[in-house]
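Just one chain is shown here, as structure tokens, and it is the form predicted alone.
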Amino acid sequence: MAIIDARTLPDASPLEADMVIIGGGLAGITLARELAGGPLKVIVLESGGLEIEPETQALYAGSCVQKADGAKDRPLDSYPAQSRIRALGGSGHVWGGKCGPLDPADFAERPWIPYSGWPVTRAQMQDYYDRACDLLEIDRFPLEWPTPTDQALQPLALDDEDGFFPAPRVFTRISGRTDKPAFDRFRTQFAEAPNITVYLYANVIRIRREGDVVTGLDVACLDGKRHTAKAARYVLATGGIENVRLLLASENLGNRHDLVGRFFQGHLTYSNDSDTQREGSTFAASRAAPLDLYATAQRFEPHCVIGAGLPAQKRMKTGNFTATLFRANFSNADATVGADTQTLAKTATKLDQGQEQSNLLGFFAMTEHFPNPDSRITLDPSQRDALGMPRVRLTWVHGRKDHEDLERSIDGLANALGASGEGRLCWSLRRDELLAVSSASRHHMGTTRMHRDPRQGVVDSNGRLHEARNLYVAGSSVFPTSGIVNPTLTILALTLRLADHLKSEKKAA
């Protein structure tokens, strides 16, 4: 129907619909696209405009500190604002487009991982993953990944009992960084439907309720105008940090059991570059043929990372883990790398049984960030934004098991590579320096976790807030566990699942 600047409305305008979606990021847009052309009148409230603007982006500012057992605290106060985008399309503006599904192990209850287990299985999510792939115009991810027939794309011959496998990844062009025109169509064309209205510069600052029913929203613009929004049902889709901020600022909505904001999970990558003192993180493959399946020459070609499946996790009592290989230039080894890499290269050449060249690659590791109630988002009432909202404080905690499991997984992969004759790993990072050298992703998960039991989760298996019968939450904040892949494809799959539920709920009513 329209995309409207809320600042152009008369002050105190009432915005009314059958459903209000709070947030115009990828989750909110996907839900609105599913409802476009249907019988429901839908409003999307987006804080920003069509493009990234400093004044709106400043509303995200807050504080952050990373903590890990045995390591010095690491302040990251720039993270709350720099790790997300407040504009129509959300962080899709800067998302690189990498896609992959969560592994079956991620959905499973694993007794060695506290708080693990989803109320849905990977197999039950397959249809939604397929639809999400279609939406992003990428190949689908079957439950059983077929082995490529191309000889240049053959996977490492690791023993199935070791439990390490090639985990596929692919890039979509529906990204502001990749194909801006395609991304712009994705985030705006749905608003042409007669039942959809998008309001820009419309910041929800409070969710009002009476008992277990949400009765309306307070909406504020940076120019001082205030509006209200009312509907029969509401969907909160403002991201893994902002979902928490709005719930806590709305008189602790959903927080009867002190769970809102807890269990924050974020992905870190770990690697180290070589120097004159010690070796970097390196993989020396014994095969001479290029490992194009794992280290593709082109960024946007489909490829695989090395993943740890449920058998590996169960055997090692670890969480999920991936090693991502990349091509590095080791041609001038004497000047650029230490003796360890040269030793690895010689070892690999021997393993090649007389072949002249080894296949020497860099790699970085990622390990599942475990659900931890002490890793959490709270509000800082002493610090408020331009709309009067309290700013967030993120205490991002990694427990001893997080880093122990990283080391155990790397050791397990190294043993599997050696036993198979496929190659050797070099890893020289000490545990006490892992946090300092890690690189933080833009993935914010787990803060309104999904669980059937309201004492263990903020939302139920359909994403409905346990404490409000007409408010749903979408996005990665509902993830019980984080897995290790970029969460966007799963966000979209869960949103499509929510859309089906909302449609069926309306028919039943």
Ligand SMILES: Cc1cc2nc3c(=O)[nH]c(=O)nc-3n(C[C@H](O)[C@H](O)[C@H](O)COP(=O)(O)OP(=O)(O)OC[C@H]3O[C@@H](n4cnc5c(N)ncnc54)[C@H](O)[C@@H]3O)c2cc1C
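Keep in mind that this is a model prediction, so the values were computed, not measured. Throughout, we count residues from 1 along the sequence that is shown.
The same protein also exists as the form predicted together with the ligand; that form is not shown, yet it is the one meant from here on.
Region of this chain that lies against the ligand in the model of the complex, out of 412 to 420, 68 to 76, 221 to 229, 198 to 206 [heavy atom, 4.5 Å]:
Only one stretch qualifies here: 198 to 206.
Among 464, 442, 33, 451, which has any heavy atom within 4.5 Å of the ligand in the model of the complex?
For this set of options, the contacting one is 442.
Residue (of 94, 108, 182, 437) lying close to the ligand in the model of the complex, criterion heavy atoms within 4.5 Å:
After the contact test, the surviving option is 94.
Since only the chain is shown here, I'm wondering whether residue 101 would be in contact with the ligand in the model of the complex (any heavy atom pair within 4.5 Å).
Looking in the model of the complex, residue contacts with the ligand do not include residue 101, since no heavy atom lies within 4.5 Å.
Classify residue 473 as contacting or not contacting the ligand in the model of the complex by the rule of any non-hydrogen atom within 4.5 angstroms, answering yes or no.
No.
Non-hydrogen atom contact residue 48 with the ligand in the model of the complex at 4.5 angstroms
Judged by the heavy-atom cut-off of 4.5 Å, residue 48 is in contact with the ligand in the model of the complex.
Determine whether any heavy atom of residue 87 comes within 4.5 Å of a heavy atom of the ligand in the model of the complex, and answer yes or no.
Heavy-atom contact with the ligand at 4.5 Å: present for residue 87.
Using the arrangement in the model of the complex, list in sequence order the residues of 22 to 47 with any heavy atom within 4.5 angstroms of the ligand.
Heavy-atom contacts within 4.5 Å come from 22, 23, 24, 25, 26, 27, 28, 45, 46, 47.
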